[in-house]
Each structure stands twice: as C-alpha cells, then as structure tokens.
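Just the one chain here, the form predicted on its own, laid out as structure tokens.
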C-alpha cells in the first residue's frame, strides 16, 4: 500500500477534504467498518428485560440468535431510561457471555485455600441442611415470658436486582421459616 493511498484512507484526511466535515458519516468509516453488520440485525428475536445492576430498573433489549445472547442495548420504549444505559448497563452483555462468568457451583470448605466444584443438587442439599440446623439450633419459642416463635439463626438481605414480586416471595419464605431479620432494596 502506497503512502498516498494510506493518507487518503485516513479518516482525518477524508474529513478535512471531503463532504463530511463533521466526521459523523462516511469520513468516520474505515474499509473494515463498512463491511461490518450490526449484531442487532442478525438476531432471531428481541427480548425485553431490565438491567440487573441497580434499583433504577432501566429497560433493555436483549438480542438473541440461535439461543445465545448476541447484544444488549437500551430499550427506547422504556419510560424509565428511554433507550439509555449507564456504563454498567451497557456492559451487561458480559454477564451472559463473559469468559470470567462462573457457570458451575463453587464451594470453599472452612479454612480451605481453594475452591472445589459441586453439582447443583449437592449444593442445594447443603444449603437446606444448614437452614434446618440453624433454625433448630437458634429457635426461640419465647423470650422474657413473651411468645416469639422465631429464629435468629439466619437472615435475608435482598439486593436491587430483585423486583417487588420476588421480594414478596422471599419475605413469605423467610417468614414461614421463622426469620425476623428480613430486608431488601426493592425496585419501585
């Protein structure tokens, strides 16, 4: 490739001497970018979702192709965010496709220096056994002569990724188990 060809292909040169003085059209495109197809055009379906990062609840359009998420963008129909996403929301594609996403159960035994893989059934059984043991070991039928029927052995702290309906169900579950320490940061 000659120097002249290289210079004429340079976006700044095309902007300075071409018709696109603002640099928002053809001057900003390279030969490579002209051949690219947006990931949103190749999607089989678009699924509406909500950003999982904070309590704002920005709307997202999730583009899916062959059962895999290919792109996540702001939902222009959302009255909350009107198609805009913050840097965290814009990067939420990494939650589904990122190489650092953990896709199996990891468990670190007490005083251990490494993680081990567990199957989901084993992990769920361990959690259930610990909830039952904590409830049994810390159950209070009464305190100071007053009937309490509660456990102080565990608590629930929900985050902003849960909506009101999910928090309602979690509250019902922990109340049925006898817990009184239940808190969350629900979306409106």
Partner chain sequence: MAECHPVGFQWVMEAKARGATIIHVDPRFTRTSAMADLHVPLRAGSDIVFLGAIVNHVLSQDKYFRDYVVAYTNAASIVSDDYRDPEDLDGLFSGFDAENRQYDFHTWQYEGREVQAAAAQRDMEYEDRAVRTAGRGEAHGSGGARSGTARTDPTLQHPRCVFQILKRHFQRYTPEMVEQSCGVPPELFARVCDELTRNSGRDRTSAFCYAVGWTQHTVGVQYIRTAAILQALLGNIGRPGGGILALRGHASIQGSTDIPTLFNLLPGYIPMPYAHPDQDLAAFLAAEGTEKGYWANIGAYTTSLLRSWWGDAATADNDYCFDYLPRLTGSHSTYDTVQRQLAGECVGYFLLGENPAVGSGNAKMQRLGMANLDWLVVRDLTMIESATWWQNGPEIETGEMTTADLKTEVFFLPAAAHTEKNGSFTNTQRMLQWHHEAVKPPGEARSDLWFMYHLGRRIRAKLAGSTDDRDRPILDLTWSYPTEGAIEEPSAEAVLAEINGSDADGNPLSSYEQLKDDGSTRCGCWIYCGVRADGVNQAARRKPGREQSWVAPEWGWAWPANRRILYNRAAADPDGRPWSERKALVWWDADEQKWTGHDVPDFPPTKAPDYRPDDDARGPQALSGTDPFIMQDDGKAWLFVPAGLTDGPLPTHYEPQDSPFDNPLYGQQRNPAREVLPLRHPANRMQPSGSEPGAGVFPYVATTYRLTEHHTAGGMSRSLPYLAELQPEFFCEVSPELAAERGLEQLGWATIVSARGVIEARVLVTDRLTPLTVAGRTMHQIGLPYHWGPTGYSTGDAANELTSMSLDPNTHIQESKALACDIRAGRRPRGPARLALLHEYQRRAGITAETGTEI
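We call the rigid core whatever largest set of C-alpha positions still superposes within 1.5 Å between the two forms. Numbering follows the first chain given and starts at 1. Computed from a predicted model, the values in this text were never measured in an experiment.
Separately, the form predicted together with the partner chain exists; it is not shown, and the next lines address it.
- Residue contact check for residue 15: none of its heavy atoms lie within 4.5 Å of the partner chain in the predicted complex.
- At the 4.5 Å threshold, heavy atoms of residue 26 stay clear of the partner chain in the predicted complex, well away from it.
- In the predicted complex, the partner chain lies farther than 4.5 Å from every heavy atom of residue 36.
- The partner chain in the predicted complex comes within 4.5 Å of a heavy atom belonging to residue 173.
- Contacts with the partner chain in the predicted complex, taken as any heavy atom within 4.5 Å, map within 41-78 to 45, 47, 48, 49, 50, 51, 52, 53, 54, 55, 56, 57, 58, 60, 62, 64, 67, 68, 69, 72, 75, 76, 77, 78.
- If you fit the rigid core between the shown form and the other one, you'll see the Cα of residue 82 move by 2 angstroms or more.
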